[in-house]
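Next up: just one chain, as C-alpha cells, the form predicted on its own.
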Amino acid sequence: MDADYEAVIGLEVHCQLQTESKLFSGARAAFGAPPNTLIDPTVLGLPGALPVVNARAVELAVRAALAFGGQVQERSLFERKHYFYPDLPKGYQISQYERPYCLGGAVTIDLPEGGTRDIGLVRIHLEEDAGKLMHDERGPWSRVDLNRAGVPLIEIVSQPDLRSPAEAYAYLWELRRVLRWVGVSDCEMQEGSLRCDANVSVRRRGEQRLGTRVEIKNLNSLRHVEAAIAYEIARQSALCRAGRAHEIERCTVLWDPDAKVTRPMRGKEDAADYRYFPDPDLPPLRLSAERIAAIRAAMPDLPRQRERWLCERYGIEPAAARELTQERAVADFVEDLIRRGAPPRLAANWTREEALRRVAETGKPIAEALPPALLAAVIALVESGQVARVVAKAELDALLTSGEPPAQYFASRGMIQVQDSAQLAAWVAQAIAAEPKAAAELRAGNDKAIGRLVGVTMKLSGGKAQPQAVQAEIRRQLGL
C-alpha cells in the first residue's frame, strides 16, 4: 500500500440475466450455440421489427435491486445509446440513462483486515447486450457473432468507495454470490455472463479532489480485476510521485493478462458522445408498488442471513459457513443433512469435503451428485462408531455406484467395526506384547508412541476396531 497516495475505485458490472429469450425479442438467449444462429429481425434492427420488453427479465432485474436494497422506481425510461461498432447491428444500444429502474443500494463486503463495510451503489439499469467480435490472429480481419446481441443485462454501478484491489475482489465476490443466490444470473465470468469495468484514479492521502480516472474494460475474472487494478494504481502513483500526474489521461484501457499491463484502447467518451434520447418504440417501464411487493415476497433469505443462521443456530465455524453459503443449493443441502439427524459440524465437514468434491467431478447439482439421505445415513454409521471415517470416505464413490443402502453395503463387505469389548481388549493385549518399546515410551510420557500401538491393533483387527476405543483400551491396560 502506497503511503502517500490512495486509490479511488468504482466498478461497473454487467450481468446477463438468466432468461430463455432476449430482452426485446423472442430470440433464444443461450451460450455456446453456433455463431449467428440466435438472431431475429428485432435483434438485427431490420425495418418494421419492433421491440417488446421481456417480463421475466424485468422481474429478475427487480430481484437484483431488492437484494442490494436499491430503490426500485415505479417509472423508468428506455433510451437509445448510439455508437458505431461492428458488434452493434442497429447502430445503437437500448439502455437506460436519465431514468434508470433502480437508484441506490449497497453491497456489504468483508474487509481484508476484518470487519465489514457497505459499498454504495449509484444505480442499476437495464440494457441489451452487444454482439461479440472475434479477432483472427492469422489475418487482418475480425468475425462478428451476434448471438449475444439483445441478451438482457443489468449494469450495476458502484460509488467510488473501494480503496484497494483486495476490496474490489471482495466486492465482486459478494456481488456474484448474491446474484447467483437469488437466481438472477449464473454469473459465469468465463462465459461472459458477468463482466466488469473498473474506474481507477489516485490522489494524495487526505485530499478530497479526485484524480484523473482511467477505465479498465472487460475484465473477465476476479483475479484479472484484482491484478489490473493493482497495476493501474502502481502506474498512476509512480507518475504522481515523479511529478508527472499531467500524463495520466482520461481514457479507456485494456488489460493484457499475459504481459500483466494495461494498454491504451481509446479516449474516454462522455454521455454527450452517445447522443442518448428516449426510444420512440418503447413506452416507459412502469412497475407498480403491488408488483414490486409481490417480487419482494417471493425473494429467498439472502446469503449473509443464512451465514449468520448457520453460525448462531448450529454452531458452524464462520469460515465454513461462508464457504457453504456461496451457493443456495449447498446451504440447503447442509440444512437437509441436519434435519435428517447429522450433527451440524459433521454435516458441514462432509458437505465441504465430499459433496462439493463430487459436484466438481460430476458437474451435477449437489443433491444429485450425493443424495442427502444417503450421506446422512453414512454420517450416522460413522458417528455411532460402526464404520470408520476413513473407510466411509474411501468407499463413498463405490457405495454410490452399488445402489445398496449404506448399512447393507458396509456389513456385506465386513467393514462394520467390532463393538465387542472382550475382543478389543485381546487385540490391544497382543499389540502391547508385540510392541513393548512403544508401550514403555507411552508409559514414560511420550504420547506419540500410542500411534504405533494403535496401528498394530488396527492391523490385528483387520480395520474393524474403532480407533478411539483402541486408544482408550491401550491407556486402560497400561494404567494411564
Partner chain sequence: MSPALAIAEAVNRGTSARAAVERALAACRAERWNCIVRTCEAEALAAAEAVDRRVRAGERLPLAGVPIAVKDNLCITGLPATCCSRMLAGYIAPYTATAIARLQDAGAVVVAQTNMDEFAFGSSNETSCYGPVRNPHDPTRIPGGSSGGSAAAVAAGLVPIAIGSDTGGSIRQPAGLCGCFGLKPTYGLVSRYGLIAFGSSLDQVGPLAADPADAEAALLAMAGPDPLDATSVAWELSAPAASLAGLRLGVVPAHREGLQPAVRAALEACCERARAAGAELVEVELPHERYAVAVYYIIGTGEAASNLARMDGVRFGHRAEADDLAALYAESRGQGFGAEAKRRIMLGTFVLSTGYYEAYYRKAMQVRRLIRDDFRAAFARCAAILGPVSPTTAFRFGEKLADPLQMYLSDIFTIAANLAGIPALSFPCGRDPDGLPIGLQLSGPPGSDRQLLAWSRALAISAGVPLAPCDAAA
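Positions refer to the first chain, counted from 1. Quick caveat: nothing in here was measured; it's all calculated off a predicted structure. Throughout, rigid core stands for the largest set of C-alpha atoms superposing within 1.5 Å between the two forms.
Heads up, the form predicted in complex with the partner chain isn't pictured, but that's what we're talking about next.
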item	value
In the model of the complex, the one of E207, E98, D256, E317 near the partner chain [non-hydrogen atom within 4.5 angstroms]	E98
Partner-contacting position among R263, R275, R241, H246 - heavy atom within 4.5 Å of the partner chain in the model of the complex	R275
Any non-hydrogen atom of P280 within 4.5 angstroms of the partner chain in the model of the complex	yes
Exercise: P86 in contact with the partner chain in the model of the complex, heavy atom 4.5 Å	yes
Exercise: R80 in contact with the partner chain in the model of the complex, heavy atom 4.5 Å	yes
Exercise: G363 in contact with the partner chain in the model of the complex, heavy atom 4.5 Å	no
The partner chain in the model of the complex: contacting segment from 151-159, 231-239, 209-217, 281-289, heavy atom within 4.5 Å	281-289
Stretch 43-61: residues contacting the partner chain in the model of the complex, 4.5 Å heavy atom cut-off	L44, G45, L46, P47, G48, A49, L50, P51, V52
Is_shifted M299 between this form and the one not shown (CA, 2 Å cut-off, rigid core)	no
Core fit, then V144 C-alpha moves 2 Å or more between this form and the one not shown	yes
P86 C-alpha moves between this form and the one not shown by 2 Å or more, core aligned	yes
